[in-house]
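Next comes just one chain, in structure tokens: the form predicted on its own.
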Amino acid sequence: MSIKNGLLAILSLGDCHGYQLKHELISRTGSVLDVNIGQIYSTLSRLERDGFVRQLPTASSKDGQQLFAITEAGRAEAQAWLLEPMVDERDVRNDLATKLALAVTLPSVDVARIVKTQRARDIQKLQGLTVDKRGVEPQNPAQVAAVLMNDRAIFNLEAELRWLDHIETILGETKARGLDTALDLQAYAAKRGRPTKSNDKKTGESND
């Protein structure tokens, strides 16, 4: 999952400092993300550069931590990420899972709509792959390899569609039990100051 979009989604709930964002991101995605504070701050720097977040005066925080606030552009970016289907040609199942895990913790996010939109995209892609497969009789090793990769993509999409059906079932049962999955922002103790520049450099930009 894009750390950038995850941070924006969390900041849509309210202003946060870096350590708070780190813990919120990890806890809201089932503790499966391996993200360090250097990645958080380097990503926040790029988000600020792109006009998606802004720093608030230090006095805005009770404990003197640097708070970050989302801008209208950042809010629109987070909304688009939540609602648009994932169309990356790579295997995005893990990214989709963490996005949905985060989405169910956010108030006013229509997770059923996200599932429906993703299903429509998957069905469209599956139909295209099925058409490509029809009538193909490989004549050389390269064509055999192409068929195998096509089949792998078809099986992955079929599995994802079954998984989306399962998610809808879970959401329906959760709603029937009256369980509210939305989480408020939590207070997290933070270390003083920001990490050193050397930590930021080690993280790179691969998670944007």
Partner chain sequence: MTKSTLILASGLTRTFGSGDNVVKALHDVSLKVSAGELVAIMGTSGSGKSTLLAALGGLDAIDGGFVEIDGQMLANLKGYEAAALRRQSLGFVFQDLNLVASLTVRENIALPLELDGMAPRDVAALVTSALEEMSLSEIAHRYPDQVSGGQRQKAAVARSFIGNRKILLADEPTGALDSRSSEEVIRLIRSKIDQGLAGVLVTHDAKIAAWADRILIMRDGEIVEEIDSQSSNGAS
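Numbering follows the first chain given and starts at 1. Since we're looking at a predicted model, the values are computed, not measured.
Beyond what is shown, the protein has a form predicted in complex with the partner chain; the following relates to that form.
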| item | value |
| --- | --- |
| Heavy atom within 4.5 Å of the partner chain in the model of the complex - the one residue of 73, 83, 87, 123 that qualifies | 123 |
| is_contact(residue 48, the partner chain) in the model of the complex, heavy atom dist at most 4.5 Å | no |
| The partner chain contact at residue 140 in the model of the complex, heavy atom, 4.5 Å | no |
| Exercise: residue 127 in contact with the partner chain in the model of the complex, heavy atom 4.5 Å | yes |
| is_contact(residue 173, the partner chain) in the model of the complex, heavy atom dist at most 4.5 Å | no |
| Candidate stretches 35 to 43, 179 to 187, 48 to 56, 147 to 155, one within 4.5 Å of the partner chain in the model of the complex by heavy atom | 147 to 155 |
